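Given next, in structure tokens, is a single chain: the form predicted on its own.
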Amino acid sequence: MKIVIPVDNNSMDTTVCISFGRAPYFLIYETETEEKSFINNSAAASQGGAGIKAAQSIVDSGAEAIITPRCGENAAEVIKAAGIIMYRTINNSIQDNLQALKEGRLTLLDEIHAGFHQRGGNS
């Protein structure tokens, strides 16, 4: 299964990024082969719609699951429409989350926030 984790740097020593849409990189991890790669999240610098753009790049990567601490509703709609499973992180360690996935200890991310849109003074 190909999974994606938003991360702070393009290294396995980095941490899970708390922001999905504004994460600098995404770790692409293949559970069967343990193959790892990183993609630059070009949506991170977007003025608006970063979550949707990031979600589309995840869909385009062929991911089957995402492990993330949170996700905005616009991005979640794109991800769910593609049939990608969203798991909630257990902490900010990549290795801990990969191990938890392998052991079936991750729970589904079912609390989706409204997003952090900077329109009209709303945050």
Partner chain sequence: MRIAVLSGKGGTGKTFISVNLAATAPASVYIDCDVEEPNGHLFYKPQNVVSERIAVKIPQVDSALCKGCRTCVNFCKFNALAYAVNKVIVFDEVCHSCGGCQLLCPQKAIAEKEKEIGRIERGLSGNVRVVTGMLNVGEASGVPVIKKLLHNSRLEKEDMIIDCPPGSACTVMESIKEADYCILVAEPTIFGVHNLNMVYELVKLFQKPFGVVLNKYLEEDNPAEVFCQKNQINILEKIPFDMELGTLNSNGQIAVRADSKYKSLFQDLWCTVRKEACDETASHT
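Worth saying up front: this structure is predicted, and the values here are computed from it rather than measured. Numbering follows the first chain given and starts at 1.
There is another form of this protein, the form predicted together with the partner chain, and it is not shown here; the text below is about that form.
Colleague: Might Asn74 be said to contact the partner chain in the predicted complex, defining contact as any heavy atom within 4.5 Å?
Modeller: Yes - in the predicted complex, heavy atoms of Asn74 and the partner chain come within 4.5 Å of each other.
Colleague: Does Asp60 make contact with the partner chain in the predicted complex, using a 4.5 Å heavy atom cut-off?
Modeller: Result yes; Asp60 sits at the interface with the partner chain in the predicted complex.
Colleague: So in the predicted complex, does Gly49 come within 4.5 Å of the partner chain, heavy atom to heavy atom?
Modeller: Yes.
Colleague: How about Ile66 - does it come within 4.5 Å of the partner chain in the predicted complex, if we only consider non-hydrogen atoms?
Modeller: It does not: once the partner chain is placed as it appears in the predicted complex, Ile66 has no heavy atom within 4.5 Å of it.
Colleague: Please tell me which of Ile90, Ile28, Ala82, Ile85 lies within 4.5 Å of the partner chain in the predicted complex, judged by heavy atoms.
Modeller: Of the candidates Ile90, Ile28, Ala82, Ile85, Ala82 is the one lying within 4.5 Å of the partner chain in the predicted complex.
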